[in-house]
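Single chain ahead, by itself, as structure tokens, in the form predicted alone.
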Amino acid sequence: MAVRLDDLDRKILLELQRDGGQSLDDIAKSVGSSKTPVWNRIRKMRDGGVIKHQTYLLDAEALGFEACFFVLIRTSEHDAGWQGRFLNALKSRPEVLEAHRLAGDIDYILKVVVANARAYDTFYQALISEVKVHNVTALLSMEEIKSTTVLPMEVG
């Protein structure tokens, strides 16, 4: 069952996306409401699955992760056994921040964050030792131009 959202809910979601660590008082003040109704709405959206969880965004470079690779994977394997091994291999590697199955010539794209090219090679060697892939192309991101986790919420 989908949760119905009104403008106040959307304003609350924008505030939570902007800074999930701000106080309930600050959120209420920003959206023009009081604390109790805001808390009830947050709880309703959490219970309804609109809000998955609260997290903090870290600065990868400040933590020594200076290389971001986009990894394009083509495979000739599409059976359930291969897919299960592939998904388990990806889920077990914290350096894989995102993985998407694609339509078109490329089967999968991964976003991999590591300290440097040597660390990427270690990741690559481990991955291909676990699952057979037809072709792997790694693209090094030279500069992150835009990155956000904020979904566009239209408020009337």
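Note that residue numbering follows the sequence shown and begins at 1. Computed from a prediction, not measured in an experiment: that's the story for all the values here.
The same protein also exists as the form predicted in complex with the DNA; that form is not shown, yet it is the one meant from here on.
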>> Does any part of R43 reach within 4.5 Å of the DNA in the predicted complex? Heavy atoms only, please.
In response: yes
> Wondering, does S23 line up within 4.5 Å of the DNA in the predicted complex on heavy atoms?
Replying inline: yes
> Is there a non-hydrogen atom of W39 within 4.5 angstroms of a non-hydrogen atom of the DNA in the predicted complex?
Replying inline: yes
> Does any heavy atom of L8 come within 4.5 Å of a heavy atom of the DNA in the predicted complex?
Replying inline: yes
> K111, R93, R101, K35: which sits within 4.5 Å of the DNA in the predicted complex by any heavy atom?
Replying inline: K35
> For the chain seen here without its partner, which of 127-135, 26-34, 112-120, 57-65 has a heavy atom within 4.5 Å of the DNA in the predicted complex?
Replying inline: 26-34
> Considering only 54-84, what residues come within 4.5 Å of the DNA in the predicted complex, judged by heavy atoms?
Replying inline: none
